[in-house]
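Laid out below as structure tokens are two forms of one and the same protein chain, each shown alone and named structure 1 and structure 2.
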Structure 1
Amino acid sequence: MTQRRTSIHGSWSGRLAFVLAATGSAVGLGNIWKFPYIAGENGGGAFVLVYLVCIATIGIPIMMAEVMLGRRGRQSPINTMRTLAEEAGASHLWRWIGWAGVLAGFLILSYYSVIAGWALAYVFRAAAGSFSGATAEGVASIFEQLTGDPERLLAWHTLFMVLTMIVVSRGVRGGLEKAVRFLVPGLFVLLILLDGYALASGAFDQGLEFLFTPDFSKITANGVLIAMGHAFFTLSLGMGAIMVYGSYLPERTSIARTSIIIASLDTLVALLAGMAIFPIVFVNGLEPGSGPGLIFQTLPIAFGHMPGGWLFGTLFFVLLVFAAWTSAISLIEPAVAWLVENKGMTRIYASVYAGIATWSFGLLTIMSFNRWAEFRPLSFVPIFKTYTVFDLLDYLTANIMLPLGGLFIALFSVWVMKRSDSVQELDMGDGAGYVLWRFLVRYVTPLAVLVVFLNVTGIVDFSGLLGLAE
């Protein structure tokens, strides 16, 4: 048995704290803002099915692998990968998984914070009663006024980044653990309330049908990649966020059980959000594929018409901000942990550095929604024809960097790391559960990522076989 390492950054107070923090990381804008709009853009049912299959067969096993590597290495992902590679007698190049993750986290947070800024702005719109009695047009114009104004977006983005860096600078335990305790239950309650509104709207069946009736002729090869990318995004996988949280995890916690709990909660939140949003979309004659503004143009209509809507609306956006907050923290934690370990910075300095870099990059996203709204940098590539700078940034990170990160994490965990080490670290014995995990991580993840990539680039073509749309 190898000597157990300990983390210089401290550790969670226990298993529950880890579950809460990892759930806080997973549940975020990805579930409530992103999932419905990309499901809408990619035709609904078939997209949702691919996403669910990816969560079960790729997401949960990769989450287990990340937690396992993190807990064994007990450092920032860069140093964890370096240490574990040394331990296995493998190339030190594996630490690049950590570096790529730091870069992905930085790029994702740069736009994530801008969108979280929208949610912040909506807290005040809701509290001021701006939505009361609102029509679809009224709500759309509130949204356009916000996103069309770079200065306002900048102000909210700045506020959100400051909030994030405050928590990050205080370390893993201070505050973070506590926020999630009321956040996740609170989100559930409000989403169920919104589902109740959707149920009474008269188009609930239509919403369900859209989400749960798979029609593969409505999804393209690129849509399949987006569904897979989203499985990584929504579970915070592929860039070391869950790995770094795993590095603060006490020994003797069942990694398999906690991963399943976290993935289930996360999926439930996404589905509840989708079920609330699509009936409102259909009743109001809106377009399911209308893009990143979808929830901001639908939910306010519901709040504007239900009794006590301003209160519930305010609460909802407050919770959404918290959900984004607990996710944002995990996007920057790998970078901050590395700065502390290797550059000898205090957490406060490390947070300020990482925060300023991310904040500046956020300007690209801000401009994409106004000054550069018509700018299509890669319009000569067919699948990117309509993509703005923000769309490209999101595509590059969620659909390319995260699956690639996940692929290499998978390869390392089962092809490089000794079998006996993963048996020991996962601590679930060497029975059917372990064998299934190993099979999924060894073959299914690498093959799935490869096939989906090749299919999108057109190098191989399974689209006809599966009846996918062109």
Structure 2
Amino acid sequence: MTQRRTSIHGSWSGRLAFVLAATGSAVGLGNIWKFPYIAGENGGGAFVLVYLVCIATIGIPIMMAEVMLGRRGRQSPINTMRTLAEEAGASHLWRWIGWAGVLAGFLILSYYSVIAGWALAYVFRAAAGSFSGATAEGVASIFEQLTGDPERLLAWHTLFMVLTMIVVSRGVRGGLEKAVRFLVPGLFVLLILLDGYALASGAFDQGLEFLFTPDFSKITANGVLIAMGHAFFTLSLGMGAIMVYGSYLPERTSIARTSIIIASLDTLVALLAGMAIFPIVFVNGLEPGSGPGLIFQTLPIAFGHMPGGWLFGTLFFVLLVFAAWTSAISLIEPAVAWLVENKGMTRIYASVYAGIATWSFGLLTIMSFNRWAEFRPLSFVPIFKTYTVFDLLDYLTANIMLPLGGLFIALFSVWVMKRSDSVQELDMGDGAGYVLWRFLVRYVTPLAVLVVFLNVTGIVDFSGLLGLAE
């Protein structure tokens, strides 16, 4: 039996702290901004059902694998994968899984911080009553004024990155754990308040019916693949965050049980967000499938015409900031941990160094919304002909780096890592539960992730194979 390692960064105080931290990492803009609009675009209830199946068969097994690798290695993702490859007698090239995860987190946070800055700005606009009585044109003008002003975007981006690095610099228990113990429960309280408002809106039943009554005639091949992809991305898998959080996990904490709890809480947040948003959309005669603009350009119209809309609009965007904040601290943590381990930096200095680097790279995203709005760096590639710098970063991370990271994590955990080591680390015996996990991660999950990757990159179109309409 291999001797247990310890992390030089410390550990969570217990299972609850890890559950809150990992839930905070998983819960982000994807749950509250993206999930409602993709559910709206893909038929509501039937899409939600497919999504739940994908969480169970793809999300939870890969999360268990990533947490297991993190706790086994007890280091940053880069050093963890190097150590575990050596332990398994495998090629040193497997360490590139760690490098890819750290790089993905860095790139995602560089533009994630800019979007989170929008939410920060909207908190103050909603509180000031800027949306009261606003028309669709008026709300669109507010959004365009924000994104079209690079100095204003820079200010909000800077503020959000400072908030993120303050938390990260204080360490595992003094920063990360203290923050999530406040932010994650606060996020649920805000969601419940907004659901309470939606309950009294007069369209709550209509929202529930749309969200939970499946109409399988509305399911398309693309909708299935979107559900598969979102189930994977929403849990923060493949970007090093869950692996590094797993490295701080106490030894006797059940990986299987905590992974199921985290996936369930993450899914609950997405569903509660839908239950809050869709009644507001329906009671105001708005379109549930209005796309990415649902949060920043559609909902403000509703908030501007409802009683007490300034208050509930403010609460909603505070909720969005909380969700973004808890995810952001996990995105930068792998890079900070690596700098501490490999460069001998103090945690504060490593946080400042990583934060400035991420903040600087975020300038590319800021410029892509205004002064570089017409700049298409890869216009000579047909698939990227219309992509701005921001579009390219989003595509590269979400459609290539994360699914490939998740795929290789799955492959390493069951094809490279010794069975006896995974049995020891998962601590669930060698019975039916372990056999089911191993089967899913060995065959089902890699195939599903590969299908998503090939389809979203346009390499293979699986619509015909799935027997569904386009």
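Counting starts at 1 and follows the sequence of structure 1. Just so we're clear, the structure is a prediction, and the values are computed from it rather than from any experiment. Throughout, rigid core stands for the largest set of C-alpha atoms superposing within 1.5 Å between the two forms.
- prompt: Which one here is the form predicted alone?
  reply: Answer 2, the form predicted alone.
- request: Verify the C-alpha shift of residue 449 between structures 1 and 2: is it 2 Å or more after superposing the core?
  value: Yes, because once the rigid core is superposed, the C-alpha of residue 449 moves 2 Å or more between structures 1 and 2.
message: Once the core is superposed between structures 1 and 2, does residue 26 show a C-alpha displacement of at least 2 Å?
response: Superposed on the core, residue 26 moves its C-alpha less than 2 Å between structures 1 and 2.
message: Core superposed first: is there a CA shift of 2 Å or greater at residue 157 between structures 1 and 2?
response: Stays below the 2 Å threshold, so no.
task: Could you check how much the CA of residue 137 shifts between structures 1 and 2 after a rigid core fit, in angstrom?
output: Here residue 137 registers a C-alpha shift of 2.7 Å.
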